[in-house]
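Just so you know, structure 1 and structure 2 below are the same protein chain in two forms, each on its own as structure tokens.
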Structure 1
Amino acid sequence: MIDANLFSLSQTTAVQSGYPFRGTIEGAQDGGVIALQMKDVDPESGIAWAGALRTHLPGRKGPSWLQPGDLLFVAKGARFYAVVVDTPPMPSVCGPAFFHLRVQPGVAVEPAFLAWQINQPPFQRLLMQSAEGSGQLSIRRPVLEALPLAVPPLSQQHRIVALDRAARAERATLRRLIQNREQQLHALAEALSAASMRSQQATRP
């Protein structure tokens, strides 16, 4: 069994709102800032920086820039989940659909572990219980901050993260195995119909 201590999320992590873009984000080819939107984030593959929108930031207020090791929490829509920010290619912010999470300095929590725990069924159940909204569900910041985390020692966190990473690799490999089998069957079908066409042409007078 793993020993773990119970903390509320805000005890370990600072939670900030996403950058308050108003309405549609205006793209700009020469923009010096990346604005991450929902479409750029996926629970399985993380952040797709390549397709993200470049823009100029309107406001005067200094935004909270994304740093490696930060977390994005998707707080609106069909599914709530977190992804870890890897290395942003240029100054980046996230849109208002996200919360921007950062593990507080000196706290023994590995970001990837935090993301993993948020995405697991026990925490997801808590999120679904706290979600509010009539059109689409969303999580308010105080609600997220109050949710409990079970935090084991760092060494154990690392193992869990490694296990999770290996499990992702396993999923990807299994998918490729399925594709591989489909290719075999396609090749079989193509060969079959090509052969029958040839024989039909041969029998024609």
Structure 2
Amino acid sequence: MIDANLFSLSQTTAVQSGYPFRGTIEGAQDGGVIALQMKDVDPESGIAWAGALRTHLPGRKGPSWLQPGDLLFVAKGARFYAVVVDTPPMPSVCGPAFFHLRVQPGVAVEPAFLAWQINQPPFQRLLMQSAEGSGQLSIRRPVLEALPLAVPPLSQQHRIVALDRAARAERATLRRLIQNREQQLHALAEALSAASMRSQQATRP
């Protein structure tokens, strides 16, 4: 049994919409800003900065720059999840498919714990039940802001985050082992096939 205080997300975390790009985000090699899109984030591995698009920001709206410890919430698509922003390599924003979350100053919530909790099955079920749309499901900002959270003391949050990181590392190790074994099996199959072909050619008159 873990003691926890109950909050709605908006009581602990500021929620902002992603930068309002209109249409396709135009890339620019000399762009001074990274614009994160859905392809750049993954619930398991986080943010892939290396492949993210550089651009110039259009319009006059002042950007909400991403900072270490912020969260991105994927608000459109088949799955709704959160990832923690590590260290952006240059000024960065997120596109309109995201909500940009930032834990409010003085609130005892570890961002990695918040992302972990949002991504767990009970919270995923709540989000899916509240999703709207026919062609593409999405979560409205008031729904996300009303998401109920159970927040234990920081020591417990840190313990849960450490367990989650250990589980991720174990999954990554298992994936590499499976990939190596499959490569070995594929090499054996190729060798057997080549041997069979050579045998057939040798027996032809």
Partner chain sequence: MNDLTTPQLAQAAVSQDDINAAVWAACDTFRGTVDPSIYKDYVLTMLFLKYVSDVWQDHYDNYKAQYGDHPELIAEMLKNERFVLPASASFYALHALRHTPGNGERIDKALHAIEDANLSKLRDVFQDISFNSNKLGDEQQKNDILRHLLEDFAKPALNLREGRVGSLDVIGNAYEFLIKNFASTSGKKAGEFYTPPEVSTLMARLMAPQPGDEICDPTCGSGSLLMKCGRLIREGAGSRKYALYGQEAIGSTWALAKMNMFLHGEDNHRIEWGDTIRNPKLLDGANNLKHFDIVVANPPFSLEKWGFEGADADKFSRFRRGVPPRTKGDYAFILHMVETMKPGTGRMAVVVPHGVLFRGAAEGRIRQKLIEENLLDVVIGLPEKLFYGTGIPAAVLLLRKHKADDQVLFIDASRDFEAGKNQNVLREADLQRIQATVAARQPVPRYAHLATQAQIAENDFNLNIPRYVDTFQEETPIDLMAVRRERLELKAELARLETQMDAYLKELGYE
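Basically, rigid core = biggest C-alpha set you can superpose within 1.5 Å across the two forms. A quick note: this is a predicted structure, and the numbers were derived from the prediction, not measured. For residue numbers, the reference is structure 1: its sequence is counted from 1.
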Shown alone, the chain in the form predicted together with its partner chain appears as structure 1
Would the C-alpha of Ser17 be classed as shifted by 2 Å or more between structures 1 and 2 after rigid-core alignment?
-> no
For Ala194, the CA shift between structures 1 and 2 after fitting the core, in Å, is 6.6
